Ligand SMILES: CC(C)(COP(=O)(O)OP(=O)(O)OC[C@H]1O[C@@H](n2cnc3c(N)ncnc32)[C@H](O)[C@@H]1OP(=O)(O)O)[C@@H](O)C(=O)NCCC(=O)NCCS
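Quick setup: one chain, the form predicted on its own, written in structure tokens, and binding and motion questions come after.
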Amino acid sequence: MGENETVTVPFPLEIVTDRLILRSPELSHAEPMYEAKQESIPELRQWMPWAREETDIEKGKENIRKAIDEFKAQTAFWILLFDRKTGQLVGSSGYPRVNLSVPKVEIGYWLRTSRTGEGLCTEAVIAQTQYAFETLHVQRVEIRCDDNNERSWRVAQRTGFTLEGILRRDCLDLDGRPRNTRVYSMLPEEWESGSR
């Protein structure tokens, strides 16, 4: 990238993998998103703040509107995951934190409970990492997660990210207790060498 170039993520965005279609959010996704979240609340409420706050479809629509606004403003890029064969919304991922001056992005993710254990999250993370390096030309991709959230950090390991460290008592968990945060990263040269 040239010195004066900036990274931009097009809206709408669509990335297709073997089993998934990754799409930027639309208001029409509010109902299937709400359904997926409601199915998964018991598993997600210990990790995701919204799993404790989003109680009805209207709040879900408000969150979709916010996600669309953030996408267009280039401040955060939530991406919804759809099963390519059935069209079912299976979860959400994306780049919730970006620093376009470096540029770098962080990938976040969750899957609906009935679709965990199929490797879909791994597939989505690989696709987004590829997009970040090959299309956005970022210099760093991160995954951060609660040290206790083993399912989440196993995805980072499976996709070839390097554990840089565990930030001890880095922030508070959703119950207000100090928690440790795992920080994983991948750099463009690691992606290109196929060290995943």
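Predicted model, so just to flag it, every value in this text is computed and none were measured. A residue's number is simply how far along the shown sequence it sits, counting from 1.
Not pictured, yet referred to below: the form predicted in complex with the named molecule.
- Query: Counting only non-hydrogen atoms and a 4.5 angstroms cut-off, does R23 reach the named molecule in the model of the complex?
  - Reply: The answer is no: R23 has no heavy atom within 4.5 Å of the named molecule.
- Message: Considering non-hydrogen atoms and a 4.5 Å limit, does the named molecule approach R144 in the model of the complex?
- Response: Heavy-atom contact with the named molecule at 4.5 Å: present for R144.
- in the model of the complex, does N63 have a heavy atom within 4.5 Å of the named molecule? It does not: once the named molecule is placed as it appears in the model of the complex, N63 has no heavy atom within 4.5 Å of it.
- Item | Contact flag, R154 vs the named molecule in the model of the complex, heavy atom cut 4.5 Å | Residue-level check for R154: yes, a contact with the named molecule.
- Message: What I'd like checked is whether W47, Y109 and G117 together line the named molecule in the model of the complex, meaning each has a non-hydrogen atom within 4.5 Å of it.
- Response: Judged in the model of the complex, W47, Y109 and G117 all sit within 4.5 Å of the named molecule.
- Spot the stretch among 130-138, 146-154, 25-33, 161-169 with residues whose non-hydrogen atoms come within 4.5 Å of the named molecule in the model of the complex. Stretch 146-154 is the one.
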